[in-house]
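Take a look at this single chain, the form predicted on its own, given in structure tokens.
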Amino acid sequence: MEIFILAFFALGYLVLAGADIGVGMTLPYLGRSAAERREVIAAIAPFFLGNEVWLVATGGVLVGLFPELEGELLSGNYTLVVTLLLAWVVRDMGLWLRGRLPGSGWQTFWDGAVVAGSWGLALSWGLLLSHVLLGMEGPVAVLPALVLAALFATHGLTFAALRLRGVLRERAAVLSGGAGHGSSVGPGVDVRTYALTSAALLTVGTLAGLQLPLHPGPAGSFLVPVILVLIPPLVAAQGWVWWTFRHRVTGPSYL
């Protein structure tokens, strides 16, 4: 049961947060003016904080249920983990601060932070999974990391195609597999492309997980029931957010 709980949170993070990471990575392509970039960011604004809860939960499960694995991952990949956390902070700072003061220079700087932080997150996860999945270290590990980063970017574009409209949606649809052009195209095409990239991320995450030494610690008898009680409210809250913001973006958000 402990393994299924860890997989649930880790894979959930990859799919959900992978979308807003990918949108941040492709922000310069999707939004070519300040107004367009603000509308693109509005596509992820209702979701990114909730998506980060899945990473926090994954970390908590590692510490509580898999202390041996948590120690190995941190001690063997300390630099990568620190880089990942710094990229996370930079990305979130960019999202929160970009609209706090007027002026194109201020917004452009923090938009750059969103892009840099998003790429930092994607490449850090790519290098970490390269090490775990393929046992690769050093410069050669950059190659599979770039492949995973491209998958994150494509996943973000499929999510953007679901959320945006007009020319912004057309840009996202072109790079997500030619999902069609124009607002008249039904949402089913965008849903299918999003499901495809989600399945790809689930596959990568599952393959990486199969390579890990998954030996649960002694705290499972106490923590597992607690976590199982918390999962339904978490899923319900996530579902409520998705249902509330299921429609395409019609303008800028609070960010």
Partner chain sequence: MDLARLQFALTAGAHFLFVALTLGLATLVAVVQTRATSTGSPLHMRMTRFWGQLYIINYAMGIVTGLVMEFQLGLSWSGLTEYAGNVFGSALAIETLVAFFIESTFLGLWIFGWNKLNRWAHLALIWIVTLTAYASAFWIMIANGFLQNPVGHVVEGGTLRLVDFGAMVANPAAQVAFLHILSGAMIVGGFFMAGVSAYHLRKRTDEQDFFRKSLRIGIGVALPATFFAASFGGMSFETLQPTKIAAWVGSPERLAEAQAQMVARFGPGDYLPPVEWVQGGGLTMVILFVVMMLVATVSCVLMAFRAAVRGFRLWHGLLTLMIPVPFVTMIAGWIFREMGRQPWAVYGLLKTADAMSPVTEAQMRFSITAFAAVFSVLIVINYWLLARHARRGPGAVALGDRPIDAPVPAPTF
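Everything numeric in this text was worked out from a predicted model, so none of it was measured. Positions refer to the first chain, counted from 1.
Quick note: we don't show the form predicted together with its partner chain, though the next part is all about it.
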| item | value |
| --- | --- |
| In the predicted bound form, segment of 148-156, 128-136, 89-97, 115-123 with a heavy atom within 4.5 Å of its partner chain | 89-97 |
| Thr79 within 4.5 Å of its partner chain in the predicted bound form, heavy atoms | yes |
| 4.5 angstroms heavy atom contact with its partner chain in the predicted bound form for Glu39 | yes |
| Interface membership of Tyr254, its partner chain in the predicted bound form, 4.5 Å heavy atom rule | yes |
| Interface membership of Gly166, its partner chain in the predicted bound form, 4.5 Å heavy atom rule | yes |
| Stretch 33-55: residues contacting its partner chain in the predicted bound form, 4.5 Å heavy atom cut-off | Glu39, Ala45, Pro46, Leu49, Gly50, Glu52, Val53, Trp54, Leu55 |
